[in-house]
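For reference, the chain that follows is the form predicted on its own, supplied as C-alpha cells.
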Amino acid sequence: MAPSRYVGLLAFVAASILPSGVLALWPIPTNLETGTTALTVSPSFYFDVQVEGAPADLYEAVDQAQYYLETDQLGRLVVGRGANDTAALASAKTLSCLQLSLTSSATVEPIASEAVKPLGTRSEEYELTIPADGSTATLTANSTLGLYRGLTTFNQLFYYYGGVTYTLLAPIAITDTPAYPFRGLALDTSRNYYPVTDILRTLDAMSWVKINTFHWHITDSQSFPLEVAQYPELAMNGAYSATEVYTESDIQYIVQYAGARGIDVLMEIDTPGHTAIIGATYPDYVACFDATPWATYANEPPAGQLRFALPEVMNFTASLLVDIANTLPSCYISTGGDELNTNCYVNDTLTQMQLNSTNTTLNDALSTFTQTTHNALIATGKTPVVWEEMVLDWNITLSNETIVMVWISSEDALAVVEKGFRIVQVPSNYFYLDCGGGGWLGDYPAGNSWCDPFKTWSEAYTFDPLANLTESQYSLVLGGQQALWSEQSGPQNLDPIVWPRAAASAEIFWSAQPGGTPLNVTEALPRLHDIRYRMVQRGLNPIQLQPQWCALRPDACDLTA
C-alpha cells in the first residue's frame, strides 16, 4: 500500500477538536463517528466469535480482550474521575455482546501468520460498530489480524466508576486502516541484557498502540547473548553470563508471543561493525580486537570489527546469518552496516594482505562481503535490512528490494529514496529514546549524550515522514519506529524510558498526517494521557507526562492557557 499525504486523521483537519469526551483512542482511527449516549457493559458481557475454523490465537486474543475489559477499571480523566457520570449511567442501556466476523472473501489464518506476511500485504483494517440501544456490537475485518487490531480499539473505549464499565459516546462507528505498513520499536539487548519477561511486557504494550514490528538489536560489540545452535561458542564466550542468554526456546517463545499480538520480529545481527565480541570466540576473524585507545577504532568501546575482506570471514558471516534467519518466520532480517570504522583496517596486517593480494579496495571488499551475505539470505527467502551508511557512505551493490533504515538525521531520507530504496524512518533527531541521558563514558564528567537533547513525545510527534520528498517518492516510505539504545538502560528503567513516548510514532505511522500538516499536539495530549493511565492499570510503569492536575484538566496546562 502506498501511504498518501492525504490520508485523513478522521474526516476533519488536524487542528480541529475531537468529539467531546473522545480522549481514549490511540492511535486515532481513520474514521470515527460518536454520539452522546451512555452505554454500560453488562457483567455477563461476552465476545461471540463467528469465524469458522477460528485459530487458537484469535480465541487467546478474545480472552485477553475480556480480561482487559474486566480489569482495566480506568476512571475517566476528569475531575472526580467519573463521579459526575452516575446520573447518565442510571438510565443507560446495557451492552451484552461484541460479535466478531470476517468478510466473506477472507481466508482464515492465525494472527501470527498474518503478522509476518510481506509488508504491504498484511490486512490490518477493521470496522467496529457499537449501537446505543444495547443491541449487539460488531467487529468485522478481512483477517484475524484486523480483528486483533479492532479488539485493541474496543478495549480503549470504556471507563469505570462505582463498579460499572461504560462509555458516554454511543453510538460509535469506526472504520480504520493503517497509513503505513511498518510501525516499529527498536530495542538493544546487547549493551545491557533484558530478561525475557521484560521483552514480553514490552510486546504487550506495543500491541496496545498497534505497533507491528519489534526490531531486536540482539548482538553488538559488548555482548553476544543469542544462542545459535551451529555456533554455540558465540553465546558461551560472548554473553555476560550463562543466565544472560536468549536460548533457542526463548527466541521461539518470544517470536510466537509477538506474532499472536500482531507483531513481526525483525532481528538485527549488526555486521561487519559492532562485532568485537565475536573475537572472543574467533579472534582471527576480528580486526583491532580490543585495541586501545578505543576511540581511534570504534564509536564506543570495545574496538573490534569483522575482517570482512577475508573469504573465511565472509563465509562464516553468511552461514551465521542464514542459520539465524532460518529460525525466524519474518520475511526480513537486518544485517546492520552502520558506523564502520576504516581506521580499524588501515594497519590490520591480515586485511591489508588480502586487499593487496587481490588488488582490491576496502570499498570493493565490503561490496563483495555484503553481496555474499545478502545473497545467502535472499536465497532463503529473506529481504535484507540495512542502516543508511550502506547506501550513502559506501559505493556497494545492494538488491533493489533492500530496506534502508534512516537514522543519522531526518534530512538523509531524501538522499536514500533518490537511489530508489524503500526506507524506514528512525531519525535520531526525533526518535531516539536514549538521547538526553548525559554522558556515560568514565573519566569525562562534562560529557553529554551525542544526540542531546531529550526527545519528548511532543517533539517526536511533530515528525513528518514525507518531508522534502516528492509525491512520486511517498510510496518508498514504509513507515518508521522509535529506538532505545541501551548504554544507560536496562530492565530497571525500560518502561519509563520507552512509554508512553514510543506511542508517538505509533500514531504518526498509523494515522498519518492529513494534507501533510503536523499532527496536533494539543489535541493529542489528553489522549496520550489516557493511554498512559490505561498502561498503568495494566501493570506497566510509564513515565508521567504532566502533574495529574493537568491530566484531569485538558488544555489547562498549555503554555498559553
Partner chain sequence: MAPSRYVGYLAFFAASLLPSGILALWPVPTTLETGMSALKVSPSFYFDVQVEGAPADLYEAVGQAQCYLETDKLGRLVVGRGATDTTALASAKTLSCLKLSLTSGATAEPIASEAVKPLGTRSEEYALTIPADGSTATLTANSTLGLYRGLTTFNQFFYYYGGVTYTLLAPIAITDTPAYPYRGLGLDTSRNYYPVTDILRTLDAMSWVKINTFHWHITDSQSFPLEVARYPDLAMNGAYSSQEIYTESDIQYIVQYAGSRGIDVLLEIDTPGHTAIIGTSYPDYVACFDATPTPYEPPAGQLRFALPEVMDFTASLLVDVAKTLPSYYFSTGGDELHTDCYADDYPTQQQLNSTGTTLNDALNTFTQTTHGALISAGKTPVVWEEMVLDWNVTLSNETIVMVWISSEDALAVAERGFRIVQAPSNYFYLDCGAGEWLGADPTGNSWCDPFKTWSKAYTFDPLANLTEAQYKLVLGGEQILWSEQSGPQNLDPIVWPRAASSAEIFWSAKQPSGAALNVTEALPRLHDVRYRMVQRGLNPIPLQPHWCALRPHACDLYA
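Source: prediction; values computed, not measured. Numbering follows the first chain given and starts at 1.
Not pictured, yet referred to below: the form predicted in complex with its partner chain.
Does V521 reach its partner chain in the predicted bound form if we count a contact as any heavy atom within 4.5 Å?
Contact check for V521: yes, within 4.5 Å of its partner chain in the predicted bound form.
Taking 4.5 angstroms as the cut-off for heavy atoms, does P496 touch its partner chain in the predicted bound form?
P496 belongs to the contact set for its partner chain.
Using heavy atoms and a 4.5 Å limit, would one call L441 a contact residue for its partner chain in the predicted bound form?
L441: contacts its partner chain in the predicted bound form.
Indicate whether G381 is a 4.5 Å heavy atom neighbour of its partner chain in the predicted bound form.
Residue-level check for G381: no, no contact with its partner chain.
Using a 4.5 Å heavy atom cut-off, which stretch among 186-194, 172-180, 209-217, 252-260 contacts its partner chain in the predicted bound form?
That would be stretch 186-194.
Counting heavy atoms only and using a 4.5 Å cut-off, do D290, N448 and Q544 all touch its partner chain in the predicted bound form?
Yes.
Which residue, G82, G437, P110, G134, has a heavy atom that falls within 4.5 Å of its partner chain in the predicted bound form?
The residue in contact is G437.
Identify, from the list E248, E401, E487, E312, the residue with a heavy atom within 4.5 Å of its partner chain in the predicted bound form.
If I apply the 4.5 Å criterion carefully, the residue I get is E487.
Quick one: which residues from 296-335 get a non-hydrogen atom within 4.5 Å of its partner chain in the predicted bound form?
P301, P302, in sequence order.
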